[in-house]
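The chain below stands alone and is given as structure tokens, in the form predicted on its own.
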């Protein structure tokens, strides 16, 4: 999903509208747990300071008007006529509105204008941020009660059923449940979330490869089916229920086994990382991230030469403890665990070396773990 960056038009007043309200939803960076969410597994992520802001108002005429960068989507969408997929970025907010209506919500017409600080195509989950920002906006325009988890699941349903991407819950839950200076630990089977403290002397350096991340070409759904095939061969409900030993002993097509090897290993790495973070051994997270990337290359085949180069360049720098691709893969960005005092030197070195070896421009962003769209009340 690519949402144009820029400022929205302001001061526009439509008949039947009410006072403007705003909602912000952060993007997320996946730390560990690559492609585990739809396999019933566990994930570590962080909500970012970057995200999408929705500014909107209620419209009593039943229409939906959506815009970004001050450019309105052509035409007006009549809510009463039913919402149809368009193939454009507006499908994400339209999907949220449709799922809300199907679940019995009373949200009607609305106008929304979106601003994004997320780099397009970097794999930082701009689609989920757009969905969550829309959902939170609608809860404020048409006040109704919904739990944080139910809101995240409604947004996932919008992406699954309306947009047509069979994603898991990771992206939406990370955007909703983020907590400042903490990582988000999501158990996708129990659909429970916990916060894991992230140490102040370490930082997350996200480096965009300049190669657009996209999951609409079928690779995501193909990997998903291969994982399900592996689970069927082992006779388990999901790869969450398989151990590495069980996997290696099972008979199945070699490709399905390699896909499963990645997911089973990721679940194990997440649990090891949580133990390390909670016992004061945060530096152990770095090698686990690097092992995750090797598995993406060898087993899941969702990396690219550009991502591999960025990981190699980053991990060669003093002060970088580990690095891996983040998000679905197939382009986008890497995330590196760095000592905070070394973050700037690592960024400059990687950007310079990458430019000398490729035709792309890498862009590094030092990110913080921030609150989600609906932070918990302390």
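Small disclaimer: the values here were computed from a predicted structure and weren't measured. Numbering follows the first chain given and starts at 1.
The same protein also exists as the form predicted together with a small molecule; that form is not shown, yet it is the one meant from here on.
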Check your understanding: Out of 122, 230, 170, 264, which one falls within 4.5 Å of the small molecule in the predicted bound form, going by heavy atoms?
Key -> 170
Exercise for review: Please check if residue 327 has a heavy atom lying within 4.5 Å of any heavy atom of the small molecule in the predicted bound form.
Suggested key: yes
Practice item. Although the small molecule is absent from this view, report whether residue 142 comes within 4.5 Å of it in the predicted bound form, heavy atoms only. Key: no
Check your understanding: Any chance residue 332 has a heavy atom within 4.5 Å of the small molecule in the predicted bound form?
Key -> no
Practice item. Spell out, yes or no, whether the shortest heavy atom distance between residue 45 and the small molecule in the predicted bound form is within 4.5 Å. Key: no
Point to revise | Option from 233-241, 284-292, 161-169, 248-256 whose residues, in the predicted bound form, bring a heavy atom within 4.5 Å of the small molecule | key: 161-169
